[in-house]
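This document starts with one chain, in the form predicted on its own, laid out as structure tokens.
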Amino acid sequence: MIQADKQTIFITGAASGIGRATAQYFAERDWNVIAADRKPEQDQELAALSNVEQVALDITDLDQIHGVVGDVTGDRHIDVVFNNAGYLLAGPMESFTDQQVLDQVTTNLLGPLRVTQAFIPHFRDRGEGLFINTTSLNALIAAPFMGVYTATKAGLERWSFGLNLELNPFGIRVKTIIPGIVKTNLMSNATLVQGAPYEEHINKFLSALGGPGLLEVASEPEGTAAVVFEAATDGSDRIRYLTDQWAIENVSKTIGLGEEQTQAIGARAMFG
């Protein structure tokens, strides 16, 4: 049951991974949580929490976005919107269908933009509110075979910074969360496209992603959830939050060495 005297966060992609961990983290700290996902009924454990309300939302459906946002803002105050839903399209650019590219852009970029746009009047009328957007380390550090995914996350990152300037005069802030390597189902749920000319390089790339080196530095989604909570409650003007040591170290390398040199080092590590 959502209680009027508690702060409320609206989370997309709340049924698994970072979204699921964040929903539980906020609920355990006495926040109201509106957990939105395409199939919320699959998570009975989250449904059992007294201060969690689950709603069905496909962020690729504009009419459903407007309907859900209208419903949740009609009789309550939303304090934070966490745009977290997304997925990974991986493979050679040459092999993607136009529909696959469109689906990736619609989910990872247009979805958060549309959800945010729908909530802005609610926040503006109240004179306060916070949007938190999950981008990616790939928004700052490019990787092969993830070009469209990278483009959506980089676009979301830069858009967030610009929107923050646009909405600040109305008491509204925008922040971004950049996870490093997190133990989620991002890879297992990815749409992986093969291409015969690229097969050797793709296999090397996938092997590097699943190698022991990255697994050793992978963090739990609860750690990212704690950073989302920090971003929601610290009251600061800070915009970007790196969620783990892997992200911090790699962004520092990029800034220190420069993007081109960092990318060259990464290419040697993956492909020899």
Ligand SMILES: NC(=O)c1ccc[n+]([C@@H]2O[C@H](COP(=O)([O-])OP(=O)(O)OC[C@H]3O[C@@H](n4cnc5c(N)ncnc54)[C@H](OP(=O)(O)O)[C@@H]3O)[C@@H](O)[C@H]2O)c1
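Residue numbers here begin at 1 and follow the sequence given. Since we're looking at a predicted model, the values are computed, not measured.
The following text describes the form predicted together with the named molecule, which does not appear among the structures shown.
Next on the checklist: Looking at 196-204, 121-129, 174-182, 70-78, which stretch has residues with any non-hydrogen atom within 4.5 Å of the named molecule in the predicted complex?
Outcome noted: That would be 174-182.
Item to check | Single option in R29, R38, R240, H66 placed near the named molecule in the predicted complex, where near means a heavy atom within 4.5 Å | outcome: Contact residue from the list: R38.
Next on the checklist: Give me the residue from T116, T107, T150, S160 that has a heavy atom within 4.5 Å of the named molecule in the predicted complex.
Outcome noted: Contact check passes for T107.
Checklist entry - Is V228 close to the named molecule in the predicted complex, meaning a heavy atom pair under 4.5 Å apart or at it? => result Flag for V228 set to no.
Checklist entry - Does I59 reach the named molecule in the predicted complex if we count a contact as any heavy atom within 4.5 Å? => result I59: contacts the named molecule in the predicted complex.
Checklist entry - Hey, in the predicted complex, does A14 get a heavy atom within 4.5 angstroms of the named molecule? => result Contact with the named molecule, yes.
Next on the checklist: Within 4.5 Å, heavy atoms only: does A23 come near the named molecule in the predicted complex?
Outcome noted: Close contact is absent here: in the predicted complex, A23 is far from the named molecule, nothing within 4.5 Å, heavy atoms only.
Checklist entry - Judged by heavy atom distances of 4.5 Å or less, which residues of 126-146 approach the named molecule in the predicted complex? => result Heavy-atom contacts to the named molecule in the predicted complex: T134, T135, S136.
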